[in-house]
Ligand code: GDP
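This document starts with one chain, in the form predicted on its own, laid out as structure tokens.
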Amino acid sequence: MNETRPPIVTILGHVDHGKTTLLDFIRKSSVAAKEHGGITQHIGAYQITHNSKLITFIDTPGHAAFEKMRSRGANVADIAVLVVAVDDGIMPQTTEAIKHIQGANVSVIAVVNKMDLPGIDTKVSLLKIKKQLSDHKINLEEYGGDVPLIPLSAKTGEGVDKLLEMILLVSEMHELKGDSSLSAAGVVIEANLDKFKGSVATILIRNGTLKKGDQVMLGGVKGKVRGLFDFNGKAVDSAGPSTPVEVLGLEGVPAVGAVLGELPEVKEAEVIQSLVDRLKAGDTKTLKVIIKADKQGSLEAIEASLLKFNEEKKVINFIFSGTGDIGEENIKLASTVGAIVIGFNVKVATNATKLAENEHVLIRTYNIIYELLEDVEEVVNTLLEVGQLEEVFGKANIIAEFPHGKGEKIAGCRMIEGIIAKGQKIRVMREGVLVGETKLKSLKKVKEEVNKVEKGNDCGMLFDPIVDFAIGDVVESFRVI
């Protein structure tokens, strides 16, 4: 049986534009004070009552590193509140948020915050922001579109009631419905391993009802619900449509974004093999890292940021990542493979600290994500400066082969990059896989023996020791630096 359900609202926008302050004012609790550096670190969900009607808010972090979590926040919401500061206007994360909103196809309410700032010509600033929004295809009501714009101050609360009324009005227009008689369907918006509670997941119930005792499956993690808690930490027996609830009784920590009822086949052997493959991929010319974070969402954000950074540098090898405090097993693995251990909002077990000292393993812990990223970047740049990586001098495609002497053959090559010279280390690669390493016995241009060849030239290469190359392989000259 369908009944009206509360709207699910996400607040998006650029970092420091006042999203947490706005939500803090709305729910009358001090969230901003609990967050390190004033930046929200995790997704949470809360419910408030306005005009005797419930509204569910998803608290989505504004830091650039949390793009994936912001995207998920927009995708599970009915209404997105886009916050823009009156003094800054549209900023990079505002643009990203707009893309997420438009991709999720949700209703939008635009908010211009910090209207209480002194020395700001709010009339001029509003006109500028309205134009910026229009340029980003946010069609405002006053220009014939369907997006309301509400100026307010999250600090003083002026205009906040109008925002809440608009949220309820938009939800009524869309006639949001749910069926509490169905089995629960929802999305994990936060998950972590708690020292006392075990695996804990915050699930936003989109439809149906979740009850104590229910068997659940979340992205391959199964469990039996042995505890349900609302956003205030109060124990409840069930949670219906549009309700966020903390769930206990899971056998593992599900991924943020995992769907309730999802049943992918995840085998332990595949997880082990994945770890083995990652270890095999490592070498002495990379920065090997083990990452531990308190929350699954934070872990994903850190990994995503480092992966983005690694696209350019290509020197970071992710050995292992997981949630929970740093323990002895992490130090043993780091010692074995030569990795550093990075912790975010986690503690280091006493025995792990002692083992790290004995095994000379570096541990660094952080509670602000951009400090973590800055330090890793500094370490990588230092690594590049002191010369523990490799430099590729030149590359050539093997386009022909010619017999030469007993068992030898000459590689007919076309230079495609840089310089290849005698005396350099040479390797032959086939579709990214190493065929063999060797040196140049002979290097000829036409019939003349030369010491080097450059990009755009054809040449003949004779290798010593012999490498079983084939047409289509790539020859690279390199050195370890």
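Keep in mind that what you see is a predicted model, and the values were worked out from it rather than measured. So that there is no doubt, residue numbering starts at 1 and follows the sequence shown.
This next part talks about the form predicted in complex with this ligand, which is not shown.
Here the marked residues 449, 452 and 477 all miss this ligand in the predicted complex; none has a heavy atom within 4.5 angstroms.
Between the options 345, 153, 317, 209, the residue in contact with this ligand in the predicted complex by a heavy atom within 4.5 angstroms is 153. Contact with this ligand in the predicted complex, judged by any heavy atom within 4.5 Å, is made by just one of 362, 337, 117, 307: 117.
When this ligand is considered in the predicted complex, residue 467 lies well away from it, no heavy atom lying within 4.5 Å. Interface residue remark: residue 94 is not counted as part of the site for this ligand in the predicted complex, having no heavy atom within 4.5 Å.
Remark: residue 459 does not count among the residues lining this ligand in the predicted complex, judged by a heavy atom distance of 4.5 Å or less. At the 4.5 Å threshold, heavy atoms of residue 16 reach this ligand in the predicted complex. From the list 217-225, 243-251, 337-345, 154-162, the contact stretch for this ligand in the predicted complex under a 4.5 Å heavy atom rule is 154-162.
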